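Taking the form predicted alone, here's one chain by itself in structure tokens.
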């Protein structure tokens, strides 16, 4: 079995995955609700909370110690102070149990959330939408993944968090805005569709976010229905932006399989719009289970199985963190 650790942001998670069967034996996560009062993740607080939560979860894995063949840990990308908490724990476990380390790219882990307890399916064109990233990835195989499009500023998920904060609501903003939008009029406000006239294959949400801010300021005092309508109109514009760029890819490439991954892929409005687009182009859509969309250690463990199978292990403790995304 492989024990996997995730601590790239504000979720502390540990999983254990069976190497032969790919079965998820153990999975537990503690999400840090303490950041909600700040409207976003406070790195130093997140680090302290990981230092408290990870050992508590680890305590529940003792019965599997003698069956562990490796320990996998997210070491890139993410918040440096939170990545370090997971890496330090992984090194301690590897040293104590005399087992190798496996380094995991968090974003590649999200792609492997599609394959938890399943076989890989490649090639895939993947839309990764999260609080930190908005990307289109050409995933031809485990070892061949190419970045086709990236965001120029904010991410899709981050823009939901910021709009939620502008409306005086909580964090994380994704589910809050989505739930408000269900009872809102998405056509009340004509927010701009970012880069709609640009041929560039890229994403941008800063202009849309600013348009929402100006509308909020113009209304001065917001009723609950105002907040619902703003949420719905914003969600429509943000999702339409995603759809326009994905459609551009579909028109210019042969795509058989398409997938959405990442925390913001749990947005049911976006899922439905993407499903309809895939149907138009006769493309098969793959989705992670909702419980595996946000950061989790099950996806880290699933990717670790592939690395272990290929002998991509670290037999010493020389594992560093890489906070910024570089490549897959």
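Residue numbers count along the first chain shown, from 1. As the structure is a prediction and not an experimental result, all values here were calculated from the model.
What comes next is about the form predicted in complex with a small molecule, which is not displayed.
K.L.:
Please determine whether each residue of 109, 258 and 288 possesses a non-hydrogen atom within 4.5 angstroms of the small molecule in the predicted bound form.
P.N.:
No, the candidate spot makes no contact with the small molecule.
K.L.:
Hey, in the predicted bound form, does residue 175 get a heavy atom within 4.5 angstroms of the small molecule?
P.N.:
Answer yes; at least one heavy atom of residue 175 falls within 4.5 Å of the small molecule in the predicted bound form.
K.L.:
In the predicted bound form, does residue 160 come within 4.5 Å of the small molecule, counting heavy atoms only?
P.N.:
Yes, residue 160 sits close enough to the small molecule in the predicted bound form that at least one of its heavy atoms falls within 4.5 Å.
K.L.:
Please determine whether residue 298 contacts the small molecule in the predicted bound form, using a 4.5 Å cut-off between heavy atoms.
P.N.:
No, no contact at 4.5 Å.
K.L.:
Residue-level question: is residue 184 within 4.5 Å of the small molecule in the predicted bound form, judged on heavy atoms?
P.N.:
Outside the cut-off, so no.
K.L.:
Counting any non-hydrogen atom inside 4.5 Å, which residue from 130, 135, 105, 113 sits next to the small molecule in the predicted bound form?
P.N.:
Exactly one listed residue reaches within 4.5 Å, namely 130.
K.L.:
Would you point out which of 50-58, 32-40, 64-72, 266-274 contains residues with a non-hydrogen atom within 4.5 Å of the small molecule in the predicted bound form?
P.N.:
Among the listed stretches, the partner-contacting one is 266-274.
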